[in-house]
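Listed next as structure tokens is one chain, alone, in the form predicted on its own.
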Amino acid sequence: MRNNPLLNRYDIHTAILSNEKVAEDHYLLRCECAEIAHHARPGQFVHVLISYGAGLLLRRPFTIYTVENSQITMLYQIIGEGTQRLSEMSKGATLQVLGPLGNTFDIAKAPPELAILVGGGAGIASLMLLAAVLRARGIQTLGLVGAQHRARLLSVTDLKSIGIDVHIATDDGSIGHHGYITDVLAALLGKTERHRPTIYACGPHGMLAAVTKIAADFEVPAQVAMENRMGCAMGVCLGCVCPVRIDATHVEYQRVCTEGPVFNATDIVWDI
């Protein structure tokens, strides 16, 4: 993946416009960030300072879910004290938002005949802006959305609203395919002989490793957005590194916040 060519980063004090629960332990937050909205590209993220209070000194990274004029949205899951506190913040509460950060999904050099988006859990958040760009360019796009169970299913209505055919899988079979979304991916790739698809994925580490293997088995390109924990999100603290294969004998640790979060799937060394 190419590094982010956009040097513009903005640190904006803004007020929450809405912060609504959309699934079990998942919320969609909307805020006014005109400069970030103008420069945001699919796959990029923002770094949010939730509170100046004690105990929340570090910012939290959130993918830019959608862009609507001067507003951005963030789809997030409650996983700790910071996101718990964020979920309790109401309209009018203030945040400090830094972004856009990171590189982007690369669709310019080789636009796909067919795009297959694979999102596991909250990982689908990294693919919604990409979905909108693909559809705006007239590229046929399929959305594969996996969740633990029906109550945690995300983004299906949003994807369908822009004309994307959505396939669902849940671990417990409460809706859609009973099993992993990677099962659905493998089945679909076996039926796409007329098109050469490109896969774009985000989700848990194990899911991304499985997507990479399936893509290699079917000899189709895949790009993945990594979700490593971040400290500074500026490439300084080295807390978000992942092993990346440079050539047949050379592996180096690259920063997900700057060299990523998007990588070619086969460049990641999944078994380290």
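Just so it is clear, the structure is predicted and the values come from calculations on it, not from any experiment. From 1 onward, residues are counted along the sequence shown.
Quick note: we don't show the form predicted together with a small molecule, though the next part is all about it.
Contact check for A122: a non-hydrogen atom falls within 4.5 Å of the small molecule in the model of the complex. Not displayed here, the small molecule is approached by E81 to within 4.5 Å at the level of heavy atoms in the model of the complex.
The small molecule in the model of the complex comes within 4.5 Å of a heavy atom belonging to Y76.
Shown alone here, A40 lies farther than 4.5 Å from the small molecule in the model of the complex, counting heavy atoms only. Looking at 223 to 231, 210 to 218, 242 to 250, 30 to 38, the stretch with residues near the small molecule in the model of the complex, meaning non-hydrogen atoms within 4.5 angstroms, turns out to be 223 to 231.
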